[in-house]
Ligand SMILES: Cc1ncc(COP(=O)(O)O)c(C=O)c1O
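Below, in structure tokens: the form predicted on its own, a single chain.
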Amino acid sequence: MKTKMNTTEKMFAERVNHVPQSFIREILKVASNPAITSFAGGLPNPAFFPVKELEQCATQVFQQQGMQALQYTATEGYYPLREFISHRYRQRYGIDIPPEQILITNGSQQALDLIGKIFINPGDQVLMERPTYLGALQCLSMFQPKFQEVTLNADDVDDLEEQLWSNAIKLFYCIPNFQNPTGIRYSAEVREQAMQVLNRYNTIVVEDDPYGDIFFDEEELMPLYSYAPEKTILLGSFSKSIAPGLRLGWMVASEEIIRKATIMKQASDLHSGNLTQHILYRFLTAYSLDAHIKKIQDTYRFQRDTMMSCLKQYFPSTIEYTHPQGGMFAWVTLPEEITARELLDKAIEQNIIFVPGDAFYASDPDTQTLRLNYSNVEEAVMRKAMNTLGGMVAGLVEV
């Protein structure tokens, strides 16, 4: 009697082999242990989730719009919510973005997936910041591009010009506001210079902006989108300002791109959750979003300051670190004698976790870097864990 061998492994699509496993998702499994102090996840502080307010909004939606909110809806998203986003761009930046150029997505992560489906053929060249958001690397890898990397700093954009001149770059993915993982923010000068350079090339700019609301010490800066709306895709999210469990974000782009993205989204999930869109819109119109964000800013600023003082007080002077003006992350470069993975192994023994920096590079990872999240760790816990971590670094340097 003949039997067929189990050939499931051979039947998987080729793209599966090109998507790296998320180190963050794996390490967050460890973070579920209450004894662990986690600097690993990009988690907003749950103390600011508007639980009671959203509960009241949900009750009102069920009482007044229950049948409508529980029905299928347009793929583009709940129109009043898109109008709110449009109005907010006009209010904050003076940018006129019609609701028709806004697509509601399941977090900005889905927007990245839609962009990959629209634009990337296998072998197309995609330019990423060095380092960059791990979730973007994971998502875009599915479409088998050839990644290039660029380093942007406060002084010049020469490396960007070189990359665009040397390679046929189809997409440039960037996080200008308090970048994940480094916490760096593009200056107004770099924004203008970068877009002047990009306007000379046939490259689509993907501007991911999940942290733009969470700024501490500086005035708001204009989005890259404002310099070249016809070739820029701007992504936003309610995950950091309201709650990630809502899974609601958006994409801003030209009508042509939104039309293509809508078709891709129809094929993917028909539409984002109609009920959650109604509840969120009710919250946004019943309460002050700016007042809510101000509370987050004040607390995250204090937590940032606590982490900065810990890095200065408890760590050897041979480390380097960013001083973020917003967002949720600090980026640390260790002395040459130590790798971040080596430090992580010892930290886990003391119930402390973080994300080694090598996970954030498309190629040639820097093994001396690591990302620390400060938004979801209380002061006393942070100081104790950072003291321990700094002692580990000092001990490894001396070995």
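Throughout, we count residues from 1 along the sequence that is shown. Here the structure is a predicted model, which is why all the values come from computation and not from measurement.
The discussion below concerns the form predicted in complex with this ligand, not included here.
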Tell me, which of 229, 326, 107, 316 has a heavy atom within 4.5 angstroms of this ligand in the predicted complex? 107
Residue within 4.5 Å of this ligand in the predicted complex by heavy atom, from 82, 240, 185, 265, is 240
Of the candidate stretches 174 to 182, 298 to 306, 257 to 265, 86 to 94, the one with residues having heavy atoms within 4.5 Å of this ligand in the predicted complex is 174 to 182
Would you classify residue 213 as touching this ligand in the predicted complex, given a 4.5 Å non-hydrogen atom cut-off? no
Non-hydrogen atom contact residue 271 with this ligand in the predicted complex at 4.5 angstroms: no
Residue 78: touches this ligand in the predicted complex, heavy atom cutoff 4.5 angstroms: no
Can you check whether residue 247 is within 4.5 Å of this ligand in the predicted complex, heavy atom basis? yes
